[in-house]
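Consider the single chain below, provided in structure tokens and representing the form predicted on its own.
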Amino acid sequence: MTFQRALLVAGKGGVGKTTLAILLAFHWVRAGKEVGLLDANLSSPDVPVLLGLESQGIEGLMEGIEPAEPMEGLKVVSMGLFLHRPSTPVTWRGPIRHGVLRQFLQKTRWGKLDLLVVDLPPGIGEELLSLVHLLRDKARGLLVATDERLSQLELKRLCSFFEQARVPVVGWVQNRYSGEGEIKLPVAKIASLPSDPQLREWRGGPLKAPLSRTIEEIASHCEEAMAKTAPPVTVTARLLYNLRRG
């Protein structure tokens, strides 16, 4: 693979994972980095919709995959790029999902990337298991949660999963922060993102302060954490094997 680090953005559904993944990718590109953005949500791929990317049709999966490039320095791959309609359902079972993700990682013409940002589907599922295995020591986790109780419970599950899989978690982001109280979770909080009208209308342009400063803070923290030495990968492979058997 042509990158050294992959940031897996995870959390419960509806907490803003996709938006944060895109915002971070745009920030790093504007900072001069070559960035890949992988939409790993095969059943509900929303990245192309949010970025206004047109479908290439299923033919684009046949040989080497050409990523979409919404801006110079950013390469995007999503199942949504190969569906003729955004509403087309994808109902593949586990082995096919694993094969498609492997193809996205290994057959895409990524070029030389500084970083791969991965937008995961909700919770702990086949895509997360596959990517932890495929990316091995390149992977780091970034968790997203809201004030909502079930969102925080899912974050705790993800913390436990990443710990058992020996994938370092760089921290978590509290999205749509209400300003009421402080939430204690088993991983350090990087920043809080309040509800901001900018995000409802954002189409890729520069963000205004203070939101832009918060995204910069999150990005800087992730870069520092991802620069640390990776753990051994043999334990990860053994964990995934046991989970699949169970």
Ligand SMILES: Nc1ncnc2c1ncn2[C@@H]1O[C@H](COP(=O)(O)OP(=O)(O)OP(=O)(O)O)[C@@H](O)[C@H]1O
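Predicted model, so just to flag it, every value in this text is computed and none were measured. For every residue, the number given is its place in the sequence shown, counted from 1.
Missing here is the form predicted in complex with this ligand; even so, the following discussion is about that form.
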Residue-level contact is defined here as any heavy atom of the residue lying within 4.5 Å of this ligand in the predicted complex; does S220 satisfy this criterion? no
Just checking whether R30 would be counted as a contact of this ligand in the predicted complex - the rule being heavy atoms within 4.5 angstroms. no
Indicate whether this ligand has at least one heavy atom within 4.5 Å of a heavy atom of A191 in the predicted complex. no
Would you please decide whether N175 lies within 4.5 angstroms of this ligand in the predicted complex, comparing each non-hydrogen atom pair? yes
Which of 30 to 38, 182 to 190, 195 to 203, 64 to 72 lines the interface with this ligand in the predicted complex (heavy atom within 4.5 Å): 195 to 203
Taking this ligand in the predicted complex and a 4.5 Å non-hydrogen atom cutoff, the residues of 101 to 118 making contact are none
